[in-house]
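One chain is shown next in structure tokens, namely the form predicted alone.
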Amino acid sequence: MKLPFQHLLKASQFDPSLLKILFDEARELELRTKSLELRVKNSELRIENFGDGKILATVFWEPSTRTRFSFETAMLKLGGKVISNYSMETSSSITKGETLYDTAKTISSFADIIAMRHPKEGAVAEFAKGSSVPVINAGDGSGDHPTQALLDIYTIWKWRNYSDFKSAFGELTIGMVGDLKNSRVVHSQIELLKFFGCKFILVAPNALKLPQKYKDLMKENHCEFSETENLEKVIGDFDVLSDTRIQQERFESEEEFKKYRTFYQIDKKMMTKAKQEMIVIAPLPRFGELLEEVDSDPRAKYFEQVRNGVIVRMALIKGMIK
């Protein structure tokens, strides 16, 4: 499988046919590894030694647990190697005034593929202009997070028993809850789900509503959607609850963030109002909006998402690396 683009910068680079190709590859990798819990040192994790001699660079200007480790684990499972900097802002030549372009020219001299995160929307695309190897956007500000959205949609597809996309997604009501203004994950999810005729219920404080351009995108693709501040009133309509935390790093003041931090709280009591077959997905981390008491509920899929992220990113690396 080879993907028809050099860099992955936006979720909108995928259409249904390309999603199917990627997800079929991910499913095959999942079947062949048999268990996502195998240790990296186990030789069975090397899928045809695909990654022998190949190097992934993870260069992050923002903190990350799941995304960075997931990319690195994916490359290791493919038999490749990893070089990493999780604090580019303070420990790279950026501190001396080096441009993103020159940084990209340099790092792409060492690596075969790069995963990058940056707090500024558009910075990954700027970086990619200087890179001679594929660059994957691992999150750029409040703009896009394509690989998180891909693993989210893969998780739903898996829950729907790998059926054709129209059957898997077309009759679903997706509840998007939280900071819809600043969540790059939500924005990327909409870019991928817009094709399938899902119904969206957008639940957010008025100050953190979904930006108009994504509402326009849903309208253009004939997706039905509604907006509300009241989660309790609409949770019973959801087939999928896509939760996203209030994005502390996007607020200008701590006081403003605290006003919304636990505006919504998903706990056992709230879950009693939801359908028994509904699932909960979330990119994590969480800060009081999704309580640990929900973790034991079989409808909670967010830690399964973490495991699915390794598989999806393995498929992406295979599809993009030269």
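Keep in mind that this is a model prediction, so the values were computed, not measured. Start at 1 and count along the sequence shown; that's the residue number.
The form predicted together with ligand CP exists for this protein as well; it is not shown, and the discussion that follows is about that form.
Residue Q148 is the only one of Q148, N137, S242, S131 with a heavy atom lying within 4.5 Å of ligand CP in the predicted complex.
Stretch 60-68 is the answer when you ask which of 287-295, 266-274, 60-68, 25-33 has residues with heavy atoms within 4.5 Å of ligand CP in the predicted complex. Ligand CP in the predicted complex comes within 4.5 Å of no heavy atom belonging to H187. Of the heavy atoms in R117, some are within 4.5 Å of ligand CP in the predicted complex.
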